[in-house]
Ligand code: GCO
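This document starts with one chain, in the form predicted alone, laid out as structure tokens.
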Amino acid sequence: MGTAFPDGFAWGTATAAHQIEGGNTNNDWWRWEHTAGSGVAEPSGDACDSWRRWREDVALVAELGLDNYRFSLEWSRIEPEPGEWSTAALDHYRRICEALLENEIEPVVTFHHFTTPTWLADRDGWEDPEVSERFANYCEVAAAALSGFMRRACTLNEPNVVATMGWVMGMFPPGKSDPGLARRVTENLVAAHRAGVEAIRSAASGVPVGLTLSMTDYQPLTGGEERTDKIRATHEDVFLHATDGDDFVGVQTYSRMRIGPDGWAGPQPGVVVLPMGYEYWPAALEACLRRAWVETGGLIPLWVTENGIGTDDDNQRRAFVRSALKGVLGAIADGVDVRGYTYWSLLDNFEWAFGYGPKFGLARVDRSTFARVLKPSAKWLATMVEANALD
């Protein structure tokens, strides 16, 4: 196995609207952050002030020599009330796309990244049997506004996390613990993805459309094989099998989980545990790429749409990314069609229930001035991007 990536291999970084824009007061997450007992470490507030400073973000992506930038639209800004569309918000996101293209950076647009307008949440959100139709309407309007500017479209970001964290674990809005409702939500999310694909294709012909999925390297311990199969089936496979006919599948991986007869067995003694509570395990990316390739029949190209590490140790970040990329090369060498790698995240940002504690960014952000400063690991990554090979 060599150290060079295939010609045309794409390099990018990613963000999400609620995590960087600031002031997204009209969605379910803003309300959740301000709900007593939600468990959220701190509210998002101004985030990284990227609603105003997005040009600085584009400049950072350009400085790193990346050829694509994955960012998300904030549904609650575009459709603040049902059927009421904000031209100003759509123009805002179009200007971001235009600026990226001017810098030879492909805009990769995610239509839903965890946040849902409060008006929809008040109508039962993803439990609502009509939610897939509402999502498709939004996708059609937004895609029409960005047609000719976006270069790839992602319908839903990690729908399995939305269902599990919101309706089983109770850590995301609406904070429920009801497996029966979670199954209904999963069905609605699958339907929303399929409806979203068709809506985007009809409004923005020729733009590749796919799903991004949170995948974990589930490793069964003795006696945990059956439990592992069930977790994979309900958490990953139901969505992987819903991608038939899509243009790509986005794989998003951060670590592994060891599964015993009773479920998660916790970290292995001696393995480093990161601030978000999971193991330092860069090899998870290769394992998940191989599994996604098998589960989709080897018919749909894969993109790494998120991979990274939340750490205060920038040398650890570099070691993690290098190991993960070595795994990508291993998968490619064995015939897995991996088209590109996207590092999460461009900025140190709001990490949902963890607040501003975990530091995933290639750039640190001053919490008072919002000044962005690239970390040494970012500049190291830029050298690999330029060479299209591991250092």
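The numbering used is simple: start at 1 and walk along the sequence shown. Here the structure is a predicted model, which is why all the values come from computation and not from measurement.
Unshown form predicted together with this ligand; subsequent notes refer to it.
Enquirer: Since only the chain is shown here, I'm wondering whether Trp75 would be in contact with this ligand in the model of the complex (any heavy atom pair within 4.5 Å).
Expert: It does not: once this ligand is placed as it appears in the model of the complex, Trp75 has no heavy atom within 4.5 Å of it.
Enquirer: Should Glu158 be counted as a contact of this ligand in the model of the complex, where contact means heavy atoms within 4.5 Å?
Expert: Because a heavy atom of Glu158 falls inside 4.5 Å of this ligand in the model of the complex, the answer is yes.
Enquirer: Tyr254: heavy atom within 4.5 Å of this ligand in the model of the complex?
Expert: The answer is yes: Tyr254 has a heavy atom within 4.5 Å of this ligand.
Enquirer: Verify the contact flag for Trp344: yes if a non-hydrogen atom of it lies within 4.5 Å of a non-hydrogen atom of this ligand in the model of the complex, no if not.
Expert: Looking in the model of the complex, residue contacts with this ligand include Trp344, since a heavy atom lies within 4.5 Å.
Enquirer: Within 4.5 Å, heavy atoms only, one stretch in 222-230, 181-189, 132-140, 111-119 touches this ligand in the model of the complex. Which?
Expert: Selected stretch: 111-119.
Enquirer: Which residue, Met276, Val168, Ala99, Ala242, has a heavy atom that falls within 4.5 Å of this ligand in the model of the complex?
Expert: Among Met276, Val168, Ala99, Ala242, a heavy atom within 4.5 Å of this ligand in the model of the complex occurs only for Met276.
Enquirer: Of the options Glu351, Asp337, Asp67, Asp49, which one has a non-hydrogen atom that comes within 4.5 Å of this ligand in the model of the complex?
Expert: Contact check passes for Glu351.
Enquirer: Kindly confirm or deny that Gln19, Glu306 and Phe360 each have some heavy atom within 4.5 angstroms of this ligand in the model of the complex.
Expert: Looking in the model of the complex, the three residues Gln19, Glu306 and Phe360 all sit within 4.5 Å of this ligand (heavy atoms).
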